[in-house]
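What follows is a single chain, given as structure tokens, in the form predicted on its own.
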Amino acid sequence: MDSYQGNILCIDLTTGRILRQPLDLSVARRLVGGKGQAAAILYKELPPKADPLGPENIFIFSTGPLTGTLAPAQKGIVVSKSPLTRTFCDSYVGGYFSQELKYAGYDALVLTGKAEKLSYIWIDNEHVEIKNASHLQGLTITQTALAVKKELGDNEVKTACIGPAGERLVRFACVGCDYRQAGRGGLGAVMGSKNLKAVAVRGTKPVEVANPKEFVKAARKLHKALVESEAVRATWTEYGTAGSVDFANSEGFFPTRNFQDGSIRGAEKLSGRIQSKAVRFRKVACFSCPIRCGHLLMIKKGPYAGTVVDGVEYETTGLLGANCGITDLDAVAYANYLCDELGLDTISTGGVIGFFMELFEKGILTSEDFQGVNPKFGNSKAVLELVERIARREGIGDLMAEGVKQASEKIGGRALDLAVSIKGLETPAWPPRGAPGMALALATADRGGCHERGWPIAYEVEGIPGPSGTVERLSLKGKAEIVKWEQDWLTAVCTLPCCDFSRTGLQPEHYAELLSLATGWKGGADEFMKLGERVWNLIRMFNIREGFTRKDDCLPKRFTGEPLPSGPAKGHKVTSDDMTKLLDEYYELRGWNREGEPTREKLIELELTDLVT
């Protein structure tokens, strides 16, 4: 089996049945692993239109052929149908959990059903056990991980846990894998719906590769390339993702007061540059990663002094910071800490709070609705209180826990025009009014509006040449081609699965070389990109089956109807006509019909017909 372990561990939490199924090599050869492997399982095994919070939903921890090897910058992946968007949802996490699952002998862990009472799963190589977790109810993610490790008598056990937010089925609850989070799409709520508090893994089995000598040589070469890359060092290693704050704010991309603007006065106080001086600072890395984008922070003074948090990433500074009108680094760091412990996605949490703050300031909701909280933009104490209420579904937090889309639909009226989400997923901190390519990428992203399914801003603003050369920032020309390229490339990387940050220093041919040496399969950069296209189309077919159509590839009214009020792209918006032109060109490039459905010819070309019929 080369770099695969050859086994998928399947657990039915309703019956307690535990099965080990052989890996389907015909599927693995076409879809490789990670995102591709999980997409095939979800499409084949999940009934159409299944309730994401029902026992029939499937929850997957998926590894890939490079997991647990010397390959640089590895990631883990969690997959299910999202309770927030009702789309296919894959959420990525660093740390060491996925590697431990691979060392235990499994290429994936597939969970179905619902346990009768709160439980956790213990995997120790071949020994698999469902254990009572009633005593863990209500614990935070860190408290849960420590309690499970103490109970099992091994501090080196790797854990994936949910906090109170997951237990209470907050639709954007995350999964905490020790000190990292699988944040997007509410997959923590899926675990909670299954009465599953945690998964603990210990593994001792080796991962072998097809060509050990050449694989080690290639892996070392790519580690060295990432370490020596000036782009990697400047973009990720020096200040982490928060190094993007100054750039985003100056270019009009920093979400401010529920995306009403793209910049905020005082944004520099949230930057990685300032973070490195304002708090105790230490770099941390995930498994086999030379990039070291993580930065362990400790708040030094004030009411939150002594709080330690694994970095305040760019997205968090944008959504829990500027989007709520806040530039107080300590307050944003503490809100980040609360989200990590309670088990909330910081992006969605900041998106929801910013939305409700605007509802309050425009008189759609009143002080009576908030019961003692004064949710004005800039009030950091209100943000912290609302984080707690969301996680426990207390008062107004119960409605906020539904997410922007579903909450806006329940409120109705003017709230619908102020809601900023795409396919139900709260928009990340790269709003698209000053970048039409980014608008297309967000609108067509498979799990809802997501910056990690393509980042055309690099081509539109930074001037990086696209597949057909450089493009103009506000022009529509060439943007569809860039978006398709980015989506295929990122999707292929996610089958390995590796971190998308590694793309800063590596190219498709580098990943293709590692994949070939690990598995023994032959293929270069073109085949690697075709792999990404294949998986992207499979997931598109899943979302179509779940009821999504062209009308869902759209942007909120804030981006199509309101011009950007400041920055280099001041006065610009992405109109509905712009989106129509972009989608028409994008669908044609993809080989889809005008409704955004892959044609029969495209499915045959990508060898997908047996998987989607």
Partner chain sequence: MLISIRLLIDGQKCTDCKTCELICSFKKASVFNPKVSRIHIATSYPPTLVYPVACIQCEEATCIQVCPVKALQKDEKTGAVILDEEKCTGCKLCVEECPYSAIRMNEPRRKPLICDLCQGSPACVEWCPTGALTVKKLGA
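Source: prediction; values computed, not measured. Positions refer to the first chain, counted from 1.
Form predicted in complex with its partner chain: not shown, discussed below.
Contact annotation for the candidate site: Gly68, Glu156 and Val227 all lie close to its partner chain in the predicted complex (heavy atom within 4.5 Å). Exactly one listed residue, out of Lys117, Arg220, Lys362, His135, brings a non-hydrogen atom to within 4.5 Å of its partner chain in the predicted complex: Arg220. The partner is absent here; in the predicted complex, the one residue of Phe215, Phe370, Trp489, Tyr334 having a heavy atom within 4.5 Å of its partner chain is Phe215. Contact between Val209 and its partner chain in the predicted complex is found at the 4.5 Å heavy atom cutoff. With a 4.5 Å cutoff on heavy atoms, Arg265 does not count as touching its partner chain in the predicted complex; it lies far away.
When contacts are judged by a 4.5 Å heavy atom cut-off, Ser288 counts as touching its partner chain in the predicted complex. The closest heavy atom approach of Ser276 to its partner chain in the predicted complex falls outside 4.5 Å. Note on the interface: of 244-252, 405-413, 142-150, 77-85, the segment with non-hydrogen atoms within 4.5 angstroms of its partner chain in the predicted complex is 142-150. If you take 76-109 and check each residue for a heavy atom within 4.5 Å of its partner chain in the predicted complex, you get Tyr96, Glu100, Tyr103, in sequence order.
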